[in-house]
Ligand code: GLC
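In C-alpha cells, the next block holds one chain alone, the form predicted on its own.
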Amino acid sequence: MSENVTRIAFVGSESYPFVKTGGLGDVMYALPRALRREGCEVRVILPYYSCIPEKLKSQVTWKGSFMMDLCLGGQSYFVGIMETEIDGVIYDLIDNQEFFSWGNPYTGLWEDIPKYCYFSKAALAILNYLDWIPDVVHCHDWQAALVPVYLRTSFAGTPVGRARSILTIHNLRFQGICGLQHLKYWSGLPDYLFDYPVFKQSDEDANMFKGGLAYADRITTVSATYAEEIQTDFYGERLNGHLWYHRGKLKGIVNGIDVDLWNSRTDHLLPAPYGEDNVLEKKKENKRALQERLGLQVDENKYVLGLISRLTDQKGLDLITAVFQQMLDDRTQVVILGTGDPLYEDSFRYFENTHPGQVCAYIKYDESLSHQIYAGADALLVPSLFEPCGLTQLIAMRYGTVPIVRETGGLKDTVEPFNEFTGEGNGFTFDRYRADLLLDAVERSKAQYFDHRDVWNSIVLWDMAKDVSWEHSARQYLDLYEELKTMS
C-alpha cells in the first residue's frame, strides 16, 4: 500500500467471531472492517484463547515466536503469533498456554491482571517482530490499558514507539483495580508510575485503566453524552476527577452496528424478511411467528414489547419490575430474552407464570430468537441506569422496532424523543431514573400505536431509514487518526 495509507493496530481482549462476551466484541469486529473500507490498513491483536472455536483455529497460520521479558524479575515468557485474514483485516492472535488456556476469556482479577499485563506488552512486541509499525495503536478497555504506558516507556526507543495511542472506554465500571504490588510485579514498570497521576488508586490499590488514560494520546468513549457523563460523580466510577483533568484529549464517538449482519431484508433467521417497502405488512407475519414460537396468544393486533438484555441492575430492570403489572393490559404482550441476576430471572419467570399467553421470559441466550424479537416486537425497552452507547436500540431501529429508552449515554445520542405536536422523533424517552416516567413513556408509545397508527407507522419508517452503520463513526475515527499522525 501507499505510504500515505493510515495504519491502525487494534488491541483488545475480544472480537467477533473469535470470542465475544458483549459489545466490545462487536466493535472490535465492525470498526476495523469499516476502516478497511475507508482505505486504512488494519490489524487486530487478540489473545489466542483456548475457547476460540476449532473451525476458526483451523484457519490460522503460524507466523513465528520469540521470548519476552515480563515482571520485575525479568522472567522470560513465550510469545507465539497465529495469523488470519477476514475481509481484508489481518488478525494476529497471541499464543501462550500459561495465560490463555482457561476456558473463558475472563476468570477473576487476580488471574486476569497478569494475563493482560502480558498481553499488552506482547501486543507491541509482535508489531516490532512483524516489522509492521502502525500510525496509531487503538486500545480498548482496561485489558489493553497498559499499551499506551508500555509504548512511552519500555518501547520508547523501538520502531513501534513512533506510534500514537488511543484508549477507548466502552464501560468505565470495569477498570482493572488490584493491589499496587501485584500490578507493579507483573507489569515490571518503574516505580515512578505508581503514584496518583498514573496508576495509584489508594494507598493499597492500583488502577490499570487510570494509568492508560493518563498516558494515551487521545481518549475516546462510545457516545458524546457518555463522554460528558463520566466526568461527573454519578457516572464517573471514582475516575471523574481524573477524566476531567484529561478532558482536553477526551472525545465521544457513537458506535454503529454491522448493517450487513443486521439486515432485515437478508436475515435468514426471520420467518418473513422485509425492507422499508414492505415492513408494515411483514412485521405482522414476524409477530405472529414470534407469538407461536413463544406460546403467546396469536394476534397481530397485540402490542408486543421486547426486552433483550443482560439481566443486571445497570439495565434499569428494577424500573421494569416496579411497573410491570401496570404495563400489562389485555392489548399488550411482553417478551424477555436474557440471563443474569437470579433476582431478575426469577421475577420475570414469575410474571410469565402469572400471565400465561401474555408474557414470555426466555431466560437463556438464543441468537435466532433475538433476531425474531427485533423483527416481531413493536417496541424495545432499554431503560438503563447508564448506557455508554447501547447496540440494542440501534438494531431495533434497523428492524423497524421503536425504541423506548432512558435519556442517558448513547441512548440519548441515538434516540430522538417523539414530539406529538411536530410528528418528529424516532422513539419514546424519559429522563430521570424513575419507574413512573418509564411507565409514562410506554403509555405514550401505546397511545400512538393504538390511536394514531399512521403516525406510528411513520416512526417505524423513520427508524428504518436512519443511518446506524459504522461508516459515519469510522470517518470520525479516521479524522482523529489523521490528527494524531501530524503530532510531532
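Not measured: the values here are computed from a predicted model. Start at 1 with the first residue shown and count on from there.
Separately, the form predicted in complex with the ligand exists; it is not shown, and the next lines address it.
This chain is drawn without the ligand; in the model of the complex, the residue among Ile320, Ala163, Val359, Cys389 with a heavy atom within 4.5 Å of it is Cys389. Of the candidates Ser347, Gln231, Asn171, Asn96, Asn171 is the one whose heavy atoms come within 4.5 Å of the ligand in the model of the complex; the others do not. Checking 270-278, 412-420, 309-317, 326-334 against the ligand in the model of the complex, the stretch whose residues place heavy atoms within 4.5 Å of it is 309-317. Contact check for Val222: a non-hydrogen atom falls within 4.5 Å of the ligand in the model of the complex. The ligand is not shown here, but in the model of the complex it comes within 4.5 Å of a heavy atom of Asn255. For the chain shown alone, Met464 is not a contact residue for the ligand in the model of the complex, no non-hydrogen atom being within 4.5 angstroms. In the model of the complex, no heavy atom of Val19 sits within 4.5 Å of the ligand. Contacts between 19-33 and the ligand, taken as any heavy atom within 4.5 Å in the model of the complex, involve Gly23, Leu24, Val27.
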